[in-house]
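Shown here is one chain on its own, the form predicted on its own, set out as structure tokens.
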Amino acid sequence: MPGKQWDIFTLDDFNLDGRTVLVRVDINSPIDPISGRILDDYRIRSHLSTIRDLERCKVVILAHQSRPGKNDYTTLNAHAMRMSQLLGKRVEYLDGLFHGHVRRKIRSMKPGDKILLENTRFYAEEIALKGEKDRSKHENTHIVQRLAPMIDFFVHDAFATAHRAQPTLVGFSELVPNLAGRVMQKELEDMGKAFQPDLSPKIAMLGGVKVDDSIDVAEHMLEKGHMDRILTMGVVGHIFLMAKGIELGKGSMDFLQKEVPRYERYVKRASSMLDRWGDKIKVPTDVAVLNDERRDVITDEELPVDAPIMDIGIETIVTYSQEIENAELVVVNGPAGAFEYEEFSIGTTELFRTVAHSDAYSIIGGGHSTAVLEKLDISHSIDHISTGGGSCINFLAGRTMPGIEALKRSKRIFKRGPFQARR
């Protein structure tokens, strides 16, 4: 069971019937700033299993939408209506977080009632304490101090924000038992397979432009022996090409200088990794460049060129596809190139389809990767699609995640009471 594996409580550890349960979800959704209409309810739908499993409870829901200054920074009224439609039962929206009318409503709730409180980021404490490491500061906020006495349990189901420290994410850990919801539980269970030794060979495909995150992931996985092979592509592949001493050319260097500040330090790290694990790190052997508005494929030996590198070439696609077909587990984060342009989407399209059609257990995270799946209509063929880009990367890179640490801390405190766990 994932609860035991991660040493956290889950919904299965307690009899929650009749209890007042505060549930932190991540239903941050794309919204039309003019009409206020929710454009994609994927994240709302992802939490329905948790809400349904709390049917006999008094359910109080916490969530955020966007952040100050953004066009989609708004109330959660539309989210409550959409959640109500999806559940087939009313979820009442309250325009407050810890105010008197909210607390009166919580006191009057009956089992089966569900309320969604106001956007947590409307309140200064949630914004000001973002990233604060001192747990007591989160615990002593008005948000936590006013809500904690009203509830019996706190359910953390917002995996997508588990890499952050904010009052509504970590502030309740020592005041009431904290439990992982179904989204959190599934993320930990499914992505945890990347660290299990019984699946082999295991490969990670790391692309896109977030070079720092990808290098952290690669280094952690190779250091701990979690991956047998790393396939680099996209801008990550550019960095490793440079680490091998290959000059890219003006077009690619102009892009790196603009989009990857201080890229030199990543080249240095990549060089060190190649020295240690060169046989386990695959680097593109051919690339596609934008030359006079057309796709030209050249080998690494033909670099540098002035034209910018936009994709991997067919030789690299074939090599990487063979690695995927022979693997038992594949982790993917980031595209192989500028997939938004049709002529440079070939590498990404071919590799993602190979993953979807392979027998390997597949884990995919990151917003761009998810967009590729939707564009190709192959999401149904992927074993696990992470709900959180930043959290997915942080998890795979072995970084400390405040949301998960809060769950662990709460179990250490409450495993002997005041509520009796089932096991």
Ligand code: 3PG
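Don't overthink the numbering: it's just position in the shown sequence, from 1. All figures in this text were calculated on a predicted structure; none of them were measured in a lab.
Beyond the structure shown, there is the form predicted in complex with the named molecule, which is absent from this document and is the topic of what follows.
Residue heavy atoms within 4.5 Å of the named molecule in the predicted bound form occur in exactly one stretch of 23-31, 351-359, 51-59, 372-380, and that stretch is 23-31. Taking the partner from the other structure, the named molecule in the predicted bound form has no heavy atom within 4.5 Å of any heavy atom of Lys186. Taking non-hydrogen atoms only, His47 never approaches the named molecule to within 4.5 angstroms in the predicted bound form. For Ala160, a non-hydrogen atom is located within 4.5 Å of the named molecule in the predicted bound form, even though that partner is not displayed.
Not displayed here, the named molecule is kept clear of His384 by more than 4.5 Å at the level of heavy atoms in the predicted bound form. A heavy atom within 4.5 Å of the named molecule in the predicted bound form is found for exactly one of Arg121, His226, Arg229, Arg135: Arg121. Proximity to the named molecule in the predicted bound form, defined as a heavy atom within 4.5 Å, holds among Lys114, Lys282, Arg182, Arg164 only for Arg164.
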